[in-house]
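This document opens with one chain alone, in C-alpha cells, the form predicted alone.
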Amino acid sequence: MKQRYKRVNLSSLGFFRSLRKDNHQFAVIGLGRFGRAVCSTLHRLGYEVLATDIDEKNVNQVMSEHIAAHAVQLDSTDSVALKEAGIYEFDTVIVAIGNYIQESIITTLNLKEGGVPHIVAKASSGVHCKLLHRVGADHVVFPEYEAGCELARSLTKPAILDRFDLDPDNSIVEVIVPDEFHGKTIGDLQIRNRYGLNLLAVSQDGKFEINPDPRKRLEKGSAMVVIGCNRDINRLPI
C-alpha cells in the first residue's frame, strides 16, 4: 500500500469552510504536471474546469487528453486577458505556476484585485509561499516539500502504511501488526496501558473492523489503526 501522510492545517480550516458547496466550476492557471493533475481530478469528479496556460502546446495537450471542459491560451500576468477569459467570475481559481515565481505572484495579485473569492496557489519555496500569502492567496500548497517529508518518513518507518497528522504532536496511523503482537488478543496486549494509544480498527479479510472486540487475536501481516501522541506511536515495535 502506498504511504500517504496528511496533516490537518488548522489555519486553513476557515478557508475550506468558506468554499461554496454548490460550486461546480474551477479555473486552473498553469498546465504543468501539477496543474494537469488538478484539472484531471476535478474533471473526473464531474466538475467543469477552465484550463489556461501561456504555452499553446500545454493548452492543446489538455484538450487532447479531455481533462478540462475548456482550455484557453493566455498570459495570466495580463489582467485584461484574465477578465476577457472570464476568470474573475470564478469562485475558486488554482494558480499552478510553481516554477515561475514572478508570474505566479503577479497572477495571484491580479486575481485578488479582480475579486476572485478563493485563490489557491502552488509555491516552490518557503519565500515564495510567504509572498503568495502577502499578495492575497487564500491557501498555498507546497507539493515538493510535502513529497519530501513523505518520502523521508516512509523510508524511516516502512511499517506505517498510512498517516493522518492531527497536529505536530498527534496522529492517526495505520500500521502493520508487529510480529510480537501475532496471536495475542487485543485485551492481552493492553495497547492503551502499555503505549498510551487507542486502537481504532483492525483489518480482517481486506476490510477493517471498527472498535474490535478485546478478545480478537491479531495476525501478523494484517493492519491496525491507532490514534495517539507521535512519541507513543514511535514506541510501537514496528
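As the structure is a computational prediction, the values presented were derived from the model and not from experiment. Start at 1 and count along the sequence shown; that's the residue number.
Another form, the form predicted together with adenosine-5'-triphosphate, is not on view; read the next lines as being about it.
- With the partner left out here, adenosine-5'-triphosphate still marks one of 187-195, 167-175, 205-213, 51-59 in the model of the complex; by a 4.5 Å heavy atom cut-off that stretch is 51-59.
- Relative to adenosine-5'-triphosphate in the model of the complex, residues Gly32, Leu74 and Gly98 are all within 4.5 Å by at least one heavy atom.
- None of the heavy atoms of Glu113 is located within 4.5 Å of adenosine-5'-triphosphate in the model of the complex.
- For Glu89, no non-hydrogen atom is located within 4.5 Å of adenosine-5'-triphosphate in the model of the complex, even though that partner is not displayed.
- In the model of the complex, no heavy atom of Glu150 sits within 4.5 Å of adenosine-5'-triphosphate.
- Not displayed here, adenosine-5'-triphosphate is kept clear of Glu84 by more than 4.5 Å at the level of heavy atoms in the model of the complex.
- Residues of 101-132 that come within 4.5 Å of adenosine-5'-triphosphate in the model of the complex, judged by any heavy atom, are Glu103, Lys122 in sequence order.
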